[in-house]
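Just the one chain here, the form predicted alone, laid out as structure tokens.
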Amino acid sequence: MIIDTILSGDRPRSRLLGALLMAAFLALAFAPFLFPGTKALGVASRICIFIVLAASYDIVLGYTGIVSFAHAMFFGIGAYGVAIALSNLPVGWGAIFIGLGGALVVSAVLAVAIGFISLRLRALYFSMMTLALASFALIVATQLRDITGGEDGLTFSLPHLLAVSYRPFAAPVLGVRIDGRIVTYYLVFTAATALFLLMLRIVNSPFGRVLQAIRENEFRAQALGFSVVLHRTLAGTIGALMATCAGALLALVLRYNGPSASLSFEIMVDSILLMTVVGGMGTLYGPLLGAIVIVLAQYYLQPGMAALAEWTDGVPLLPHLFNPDRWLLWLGVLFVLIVYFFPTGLVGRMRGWTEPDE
């Protein structure tokens, strides 16, 4: 069937999960028309980008069992590649492709080097090394002011087709005036969809099966003749390249890049790792749902708490409990509850609730 071909034979195996995935796809596909407004469009763009980023980390963590803290570094390399190119070269598609191409080369070289050098270490030492590399990358981006803009970052222009002033149609379409921001959104949506389906194809290939075998029993996989270091290095490189592409998309959406936007440790812990664990590791569908849940919480939990505080005004204690300044506390509570009640993630729990679709 066409669906099996598109999904590389990896069906959701849960009617509830399938319905949620279809609803998410349709909501993102028609986001500019269903949720008009600059903020909603920005949230939808960020969801698309972090779906790719979290799924790419799932290839590293969920399918091979590698705990790396350097994934945000590759995300930042992609964003800086496009930002530096558009800031120093004539604005156009050529600059974007040059920046992305250079970033992919740098990420590939670093990922291969990290793989062959560090994956021979024990898991704890490998994690610590990736953490040190991520910190070093953040310091470099901050100190090389002439190239990266330092802490202020880089602001740049985009090709005419993606510029805010671009108007392909004189009249609104379905009540929405199409401009460069919406064109940029659909570029991000299309790229994110293609990258996600590519990753789905990779993890369901014979190579992906070997990665899962290594995750389940490294010694048995090695006894069968598979090179653990080689396969883990390839998995890390694939994840790094996908994260680099996600970073390039972020730069196009923000029209800006700086250390806090793409290289901060908070992105690694509060977004990438959180999305992967909450959604369910080793599924790719898990990080997709996790990205949606976490991004929506980051943007709408605080306004929702403000509304609750106003609605419960006059009730003892509750207005203080729902104070918008405490939104990070409630985000932490949400995370703890999900991990406690859904130890296998949202996808794992839904697949347990619903009979598999044959």
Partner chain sequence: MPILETRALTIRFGGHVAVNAVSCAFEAGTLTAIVGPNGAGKTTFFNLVSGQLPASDGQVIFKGEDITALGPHLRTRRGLGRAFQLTNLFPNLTVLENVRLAVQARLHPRVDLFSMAARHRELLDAAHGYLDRVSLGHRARTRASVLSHGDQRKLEVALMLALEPDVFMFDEPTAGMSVDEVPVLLDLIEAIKQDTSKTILLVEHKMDVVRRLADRIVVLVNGTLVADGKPAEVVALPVVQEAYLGIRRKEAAHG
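Residue numbers count along the first chain shown, from 1. Fair warning: this is a prediction, and the values are worked out from it, not measured in the lab.
Absent from the display: the form predicted in complex with its partner chain. The rest refers to it.
In short, of 330 to 338, 5 to 13, 19 to 27, 343 to 351 it is 5 to 13 that has heavy atoms within 4.5 Å of its partner chain in the predicted bound form. Think of it this way: in the predicted bound form, its partner chain has a heavy atom of just one of I267, V183, L195, I202 within 4.5 Å, and the residue is I202.
Among I84, L234, A137, M129, the residue placing a heavy atom within 4.5 Å of its partner chain in the predicted bound form is L234. At a distance threshold of 4.5 angstroms between non-hydrogen atoms, Q143 is out of contact with its partner chain in the predicted bound form.
Among heavy atoms of I238, some come within 4.5 Å of its partner chain in the predicted bound form. Its partner chain in the predicted bound form comes within 4.5 Å of a heavy atom belonging to G225. In the predicted bound form, its partner chain stays beyond 4.5 Å of every heavy atom belonging to R167.
The putative spot formed by P319, N323 and R326 is not touched by its partner chain in the predicted bound form; no residue has a non-hydrogen atom within 4.5 angstroms of it.
Residues F207, R209, V210, Q212, A213, E216, N217, F219, R220, A221, Q222, A223, L224, G225, F226, S227 are the ones in 207 to 229 with at least one heavy atom within 4.5 Å of its partner chain in the predicted bound form, listed in sequence order.
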